[in-house]
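Next up is one chain by itself, shown in structure tokens, the form predicted on its own.
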Amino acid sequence: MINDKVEIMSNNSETIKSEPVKIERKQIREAVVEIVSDSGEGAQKCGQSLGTISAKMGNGVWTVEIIPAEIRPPARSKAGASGIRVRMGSKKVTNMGDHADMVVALNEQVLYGRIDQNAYKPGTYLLIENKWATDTEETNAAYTESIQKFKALGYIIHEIPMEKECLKHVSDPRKGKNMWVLGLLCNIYDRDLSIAAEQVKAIFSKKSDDIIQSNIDLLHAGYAYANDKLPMHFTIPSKISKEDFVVMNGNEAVSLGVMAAGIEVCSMYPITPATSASHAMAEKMESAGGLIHQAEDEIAAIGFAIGASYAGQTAVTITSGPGIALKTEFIGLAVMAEVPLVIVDVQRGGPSTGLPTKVEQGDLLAVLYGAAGDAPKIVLAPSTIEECFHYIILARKLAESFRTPVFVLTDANLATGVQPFPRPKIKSAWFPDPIDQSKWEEGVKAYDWDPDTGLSKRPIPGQKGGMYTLTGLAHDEESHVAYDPAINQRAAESRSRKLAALHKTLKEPKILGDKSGDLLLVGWGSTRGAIEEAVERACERGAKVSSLHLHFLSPMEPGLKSIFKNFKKVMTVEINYSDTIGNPLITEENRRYAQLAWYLRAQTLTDIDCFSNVYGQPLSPIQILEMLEKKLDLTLTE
């Protein structure tokens, strides 16, 4: 095909028009691209932009950030790899994919960690900054040795003078090399250069015109370099939908969901990977009529939120695993006092400070059971970026209807992953009804528990006739401290019965594939895309495997025991720890199961197996396929 005429902007903004260049482009169905660098070199910004440009062109997109645990890890180190993976496809993309097809590395050392994680394959293109070949003697030796190793692994190496090329346009290549790389990738994957330029303007919209122009110059320069110097060029067909789409990550979706739900108070304390939700909210919350309160610590944050909810403004607090641990006593207060509250847990690796920037689904049992005494809560788990938006709206409604805390469990994979989805059409039904300030009905108690559902009407402070004393102590219907054990029994039954009432309204989960077979995979949260892709690929090869994904974890969706009986084996797929039979000292008797497996075994009395790990990485379809090969004794992988 003939490439569009390329316009290269010089430093003085003079437009230089190059001649059309004939480029043979290979059409592909999808591509997985990684940009890896030291921290602070803008790899994530480059990848997010590539993903957004692709989404605007009508491609399916999923991104995964690669973030080191330290803010400033040692430069040029295996542990310091900072970057992003972008999967772009002709169809909807729901997960990070298998091995990368193309990698841009700003130094060679950051690739070793990714190689250890099996991120690449023979035939993967490595485009490597080659300035290290002429650096110090020690660096030069390390670079040369690495290039030889990478070639031996079967990677296709292209050494590129990125810094030298950037110096033609800027004095400090660290400030803009990422936009040069973006231009390079835009050419390789036939991205629309005008959309890319608009994306650069959006990124630097708060900067001066000089800075914006400088970065556009770099974008065009990288594009032109690939046009002239590189032999690999691909086209990924796309289809612009008539439907209006938005592109965002999970934390942004949560923040918009908070405002769409009519929640006017968010109280939180900064913690990775939840913090960016408050950043996204901070720009819009005030204009939407709400406020964000940054408390002095996690305990104060939930205390503030409970106070706001008690006053009638159902609030949200957003945190991660260690924050949940600190909030636990206050969560118990919200359960006991029956104060509606939305709690978002953006899970990360644990325990303690664990793997703060890595993905894990390790908080399920903590939110279900981590409390003093019996403290039932509603627990939801969105599985896509779009669901991160809608489940906040659902959570507020459930919190108010059932007068209880509602957890929304996301994780680092959803929090930072970017995906397009149809622009939500705002509905008035999403917003809460005005606070009822009419006179409290005489004779109705503050906790007038319905004997069947456990539900009771919620008095609001200031409501005439609705006065009561809020207490975290065991209490009776009038909120008087209970000294009679029978009252505590009745109150506990009422709080628990609310979950049973909600359970009655739920539907059986949908099964992907046949309703009977050799194996059923059960997942929750961000693993859905990888599980479903693996199941579809396995079925294409003749396997009798199906999957279902749970969104309600407390109460659990109905009908599971009956569904499980139709399969020879049932197995959960999760990102948390489980023992493996055959490892030292591990037996059927002492084996620790993955968290959903443990929970399902208890709930359904079914012998459920599990596949899980805690490498801090999202699961890929190929990992699940390889597991299926072993479990089903089949040859499935390509």
Partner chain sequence: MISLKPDFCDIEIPEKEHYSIEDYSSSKARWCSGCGAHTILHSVQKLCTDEQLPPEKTVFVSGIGCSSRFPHYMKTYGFHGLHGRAFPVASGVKFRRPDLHVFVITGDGDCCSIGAGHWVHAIRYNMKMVVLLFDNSIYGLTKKQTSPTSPLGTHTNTHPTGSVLPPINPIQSTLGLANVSFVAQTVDWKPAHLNATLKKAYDHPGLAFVRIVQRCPIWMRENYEPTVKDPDAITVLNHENGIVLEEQALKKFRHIQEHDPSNLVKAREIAELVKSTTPIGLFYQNKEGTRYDEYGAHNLGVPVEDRIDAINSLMDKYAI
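From a predicted model like this one, the values you see are computed outputs, not experimental measurements. Residue numbers count along the first chain shown, from 1.
A second form of this protein, the form predicted in complex with the partner chain, is not displayed here; the remarks below concern that form.
A.B. asks: From the list 449, 304, 564, 155, which entry has a heavy atom within 4.5 Å of the partner chain in the model of the complex?
C.D. replies: So the residue touching the partner chain in the model of the complex, by this definition, is 304.
A.B. asks: Which pick from 240, 115, 467, 372 sits with a heavy atom within 4.5 Å of the partner chain in the model of the complex?
C.D. replies: So the residue touching the partner chain in the model of the complex, by this definition, is 467.
A.B. asks: Only one of 224 to 232, 424 to 432, 106 to 114, 359 to 367 has heavy atoms within 4.5 Å of the partner chain in the model of the complex; I'd like to know which.
C.D. replies: The contacting stretch here is 424 to 432.
A.B. asks: Residue 532 near the partner chain in the model of the complex, any heavy atom under 4.5 Å?
C.D. replies: It does not: once the partner chain is placed as it appears in the model of the complex, residue 532 has no heavy atom within 4.5 Å of it.
A.B. asks: Residue-level question: is residue 300 within 4.5 Å of the partner chain in the model of the complex, judged on heavy atoms?
C.D. replies: Residue 300: yes, in contact with the partner chain in the model of the complex.
A.B. asks: At the 4.5 Å heavy atom threshold, is residue 286 in contact with the partner chain in the model of the complex?
C.D. replies: It does: once the partner chain is placed as it appears in the model of the complex, residue 286 has a heavy atom within 4.5 Å of it.
A.B. asks: So, in the model of the complex, is residue 217 in contact with the partner chain at a 4.5 angstroms heavy atom limit?
C.D. replies: So residue 217 does not count as contacting the partner chain.
A.B. asks: Report yes if all three of 262, 313 and 462 come within 4.5 Å of the partner chain in the model of the complex by some heavy atom, otherwise no.
C.D. replies: All of them do, each having a heavy atom within 4.5 Å of the partner.
A.B. asks: Looking at the partner chain in the model of the complex, which residues in 109 to 135 have at least one heavy atom within 4.5 Å of it?
C.D. replies: Going through 109 to 135 in order - heavy atoms within 4.5 Å of the partner chain in the model of the complex - there are no hits.
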